[in-house]
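Below sits a lone chain in structure tokens, taken as the form predicted alone.
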């Protein structure tokens, strides 16, 4: 069983990634850290708690992290348009009964990684601020990370915030640059594959009609999320970007990857936040990430649908 920490900014697809992790037989989700991104920090931490508690998960600690990028103000326009004003628009999910932990998410990452006797898989599906700050504060944590699975970037596919940049990387490009050049084993699941992992209206309706409350709430979240993607697709559908990173742990055959050198544009206004990959090995620089190249969409859909029907097995039992 893989020990996993999920760093996120819920967010509809973040919420589904959390639920998937709690229902996976081979994942021990030991903590959730939140960052500002899809919404402000007070919303993202509250959303994480709301989703977990709705799913009868009370024994996974949630930590609030950085409320703004390392060197910039928080960019909010796209997050609000896509995810709603509080980051989780759509169905009414009750306020959480659980409270966030007092420790800052960066300190939690540092302490947990340094104290662990085994390496931990870190999944980051929001801006990389918490992860970068933890690496800067205590560089030795890099040796304690088994692998770092990131949802972010766009190599060939256009960006979703500018034509060059994907939202998570654009929000905090300096953090992304720190992480990409950390030497950690990185798997980068970009828009090139996540935009293929699309739930169609029939998939969403199947979940909404379920008698299982988790499947049903996921379907209702996807109705709202798909509604904000109609202009892009021309019909009701949406990708579930972030859940692919958890799916990769559940079944490593879900995604294909190719190792390349990749860096982040920082200083050009037109390309800020662009993830630039050396696909032809022109620079001669050592490859530093495993870039996703393809996804088994049918396998992913089946994974989401079947896992949401599973009960959560509490750590306290």
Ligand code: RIB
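Note that this is a predicted model, so its numbers are computed, not measured. Residue numbers count along the first chain shown, from 1.
What follows is about the form predicted together with this ligand, which we do not show.
Not displayed here, this ligand is approached by residue 38 to within 4.5 Å at the level of heavy atoms in the model of the complex.
Using a 4.5 Å cutoff between non-hydrogen atoms, residue 125 counts as a contact of this ligand in the model of the complex.
For residue 151, a non-hydrogen atom is located within 4.5 Å of this ligand in the model of the complex, even though that partner is not displayed. In the model of the complex, at least one heavy atom of residue 242 sits within 4.5 Å of a heavy atom of this ligand. The partner is not drawn, yet in the model of the complex one stretch among 163-171, 93-101, 178-186, 109-117 has residues with heavy atoms inside 4.5 Å of this ligand: 163-171. Checking 191, 88, 214, 226 for any heavy atom within 4.5 Å of this ligand in the model of the complex turns up a single hit: 191. Taking this ligand as positioned in the model of the complex, the residues of 2-25 that bring a heavy atom within 4.5 Å of it are, in sequence order, 9, 13, 14.
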